[in-house]
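Two forms of the same protein chain are encoded below as structure tokens; each is given separately, as structure 1 and structure 2.
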Structure 1
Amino acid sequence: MSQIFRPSSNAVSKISLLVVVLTVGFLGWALWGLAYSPFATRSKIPFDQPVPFSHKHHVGGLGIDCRYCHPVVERTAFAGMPATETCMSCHTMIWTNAPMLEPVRQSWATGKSLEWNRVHDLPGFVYFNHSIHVNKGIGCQSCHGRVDQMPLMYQVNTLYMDWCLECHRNPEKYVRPRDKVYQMDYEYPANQAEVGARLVAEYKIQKFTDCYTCHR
């Protein structure tokens, strides 16, 4: 019976092993990169909205507090979206003819909801709650970035599990005084290690890393 493999096929199989290892390594690296890329995390990509609503103008320019438009953020899991009535509190009187605001006026006249496109979107098997974070001194900025500089809303962080856990393991790095939660340009003091540890004790912040905290 003739040999199926000639001696030269040893070289071939060695090379093919190498090629496979390299390919798998490369694919792994590429998949990893892809998983953390804006494409997969949806971060850093401004979303088109029915009304080109600008946090930059309303928060950065006019200094309106987040809670004016997201009023239930300190009380419920859901941060809340502004009712058409909220926009109309101002826009019945200013910029009343702006074509950009036509959908808002339509909604006000007909009672149909404005349909915003969701920017942040955790998977269905993750439980998230705004009120606990806000009330324990985690600023909006820690998770949503400099909202006051966003002409159109985009997601800043990956919202991956490793990102949540980084903070749940080391809350002292991110906690700030409660009255600074809504401030966008808060700068952590140089001695954040001490201040953070003090606030963690004062607010009784626990380090929640059990699976059932977020998967329930």
Structure 2
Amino acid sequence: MSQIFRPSSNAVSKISLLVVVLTVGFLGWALWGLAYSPFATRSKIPFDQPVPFSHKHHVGGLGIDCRYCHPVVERTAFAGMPATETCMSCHTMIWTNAPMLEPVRQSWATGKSLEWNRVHDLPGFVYFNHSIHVNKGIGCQSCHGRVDQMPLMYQVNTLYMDWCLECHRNPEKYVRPRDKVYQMDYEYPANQAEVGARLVAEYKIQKFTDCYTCHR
């Protein structure tokens, strides 16, 4: 009885399997890269705003505290956006005729709020409370990056669930003294493991990782 397959069929089948495995692996790698790319996460991309507000100038240059523009961040779930009155408390005296601030002056004159484009925009099915994180010693910089170095605001981290869970599972790596929460250039000490463990106990931080914590 003659052979059904040629001797080369074994080699062809092995090569075919290798090609399939490599193709599937490449597609998986490509999809993973796409999922974590700025295209999907919106990270590292400055958003157009009605006024090109520079955190680098106001925070880094002038040293304005986060709470001046976001006064309710320690008490409410939403950090809040500054009212036009907050902007005009300075700009009725400086840069009063700057063209870029015309939308602010119009808002002040008409009483109509500026419509800012939200940079850190979590899905509706995710619950996040700013006040609990701030009061537990999680710095603004941990989530928002070095805003004091951003001429235009952009999202630094992916805001994906695995990123959130990394902190929830290991809070001792990220917690800092409460009086350093708003310090943008804060550097964790060499003995952060020891300091973090102490702060976790002192601030009564619990490692919440159940679904209900964020999906209510």
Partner chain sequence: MRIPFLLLLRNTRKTDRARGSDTPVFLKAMAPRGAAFALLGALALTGCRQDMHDQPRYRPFAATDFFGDRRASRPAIPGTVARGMLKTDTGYWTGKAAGKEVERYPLPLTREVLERGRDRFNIYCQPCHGAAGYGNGIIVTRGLKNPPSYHTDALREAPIGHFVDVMTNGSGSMLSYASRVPVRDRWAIAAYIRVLQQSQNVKAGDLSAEERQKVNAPEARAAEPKKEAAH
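By convention here, residues take numbers in order along the sequence of structure 1, the first being 1. Computed from a prediction, not measured in an experiment: that's the story for all the values here. Superpose the two forms; the largest set of C-alphas matching within 1.5 Å is the rigid core.
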{"query": "Which of the two shown is the form predicted in complex with its partner chain", "finding": "1"}
{"query": "Large Cα shift (2 Å or above) at A201 between the two structures, core-fitted", "finding": "no"}
{"query": "Angstrom displacement of the CA atom of L17 between the two structures, core fixed", "finding": "6.0"}
